[in-house]
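Taking the form predicted alone, here's one chain by itself in structure tokens.
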């Protein structure tokens, strides 16, 4: 097992210095972002580490639920910022994330894939929410831009007697697929192009590679479920906002 402590973290900061120096030499304007991001990452993760240690030891259901709720709020706000073509991005994000996350996590608990302990629920929920957040953000951006860029096609389909759903079905499917593309690519290349982060972390921590692989497979299936549900729910809600009750395109 690799010895890890503050000394090793400070030593690893040399890697940040390399990135900073190279960006400075090549006049790439990211020096402030590198410096700020590196310090913020350290502070945030250390704070989260202490908070998780407290929660794991207390096994308080209220603290677990509060942690999940905060993750949902932050993720929904972040994804909602990508709702440039319609209103209500935060609410739609929160609903989509909650449905995808709770269904997936609930099934994992019911099927006894994981036990109802804070050390399982919080990290896995964090993975579910963060990945679903990215998928929803892409779905938002794609569905809005595609509909607006293809306004003539949509309105032509409506004028020919097609329903709003038929006129927009292609753009809905493309947007949802775009939101899911990251997990689909991951599942195609996992273990071949790169070892997934969770699996690598477990191996570095001394866990048997085979056991780490099995856990990673569960994580992949978990993410596939949550991303699919969240993207579909987000797409269904969003696309209806571009049509009024008379089935006219209002985008």
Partner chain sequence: MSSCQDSVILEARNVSRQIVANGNSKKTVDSFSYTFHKGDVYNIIGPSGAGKTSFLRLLNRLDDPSEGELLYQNKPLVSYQPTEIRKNLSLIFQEPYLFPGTVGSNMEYCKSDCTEDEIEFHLEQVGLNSQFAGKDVSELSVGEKQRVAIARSLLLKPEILLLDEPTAALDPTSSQTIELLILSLMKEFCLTAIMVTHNPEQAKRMGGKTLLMVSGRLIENGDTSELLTNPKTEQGQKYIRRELK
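Positions refer to the first chain, counted from 1. These numbers were taken from a predicted model, which means no experiment stands behind them.
The form predicted together with its partner chain is left out here; the points below concern that form.
Student: Could you confirm whether residue 115 comes within 4.5 Å of its partner chain in the predicted complex, counting heavy atoms only?
Tutor: Answer no; every heavy atom of residue 115 is more than 4.5 Å from its partner chain in the predicted complex.
Student: With the cut-off set at 4.5 Å between non-hydrogen atoms, does residue 87 touch its partner chain in the predicted complex?
Tutor: Residue 87: no, not in contact with its partner chain in the predicted complex.
Student: Give a yes or no for residue 124: in the predicted complex, does one of its heavy atoms lie within 4.5 Å of a heavy atom belonging to its partner chain?
Tutor: Because no heavy atom of residue 124 falls inside 4.5 Å of its partner chain in the predicted complex, the answer is no.
Student: Taking the shortest heavy atom distance, is residue 111 within 4.5 Å of its partner chain in the predicted complex?
Tutor: Residue 111: no, not in contact with its partner chain in the predicted complex.
Student: Can you work out which of 76, 138, 129, 157 has a heavy atom no more than 4.5 Å from its partner chain in the predicted complex?
Tutor: Checked against the cut-off, the match is 157.
Student: Only one of 92-100, 176-184, 146-154, 76-84 gets a heavy atom within 4.5 Å of its partner chain in the predicted complex; which is it?
Tutor: Among the candidates, contact is made by 146-154.
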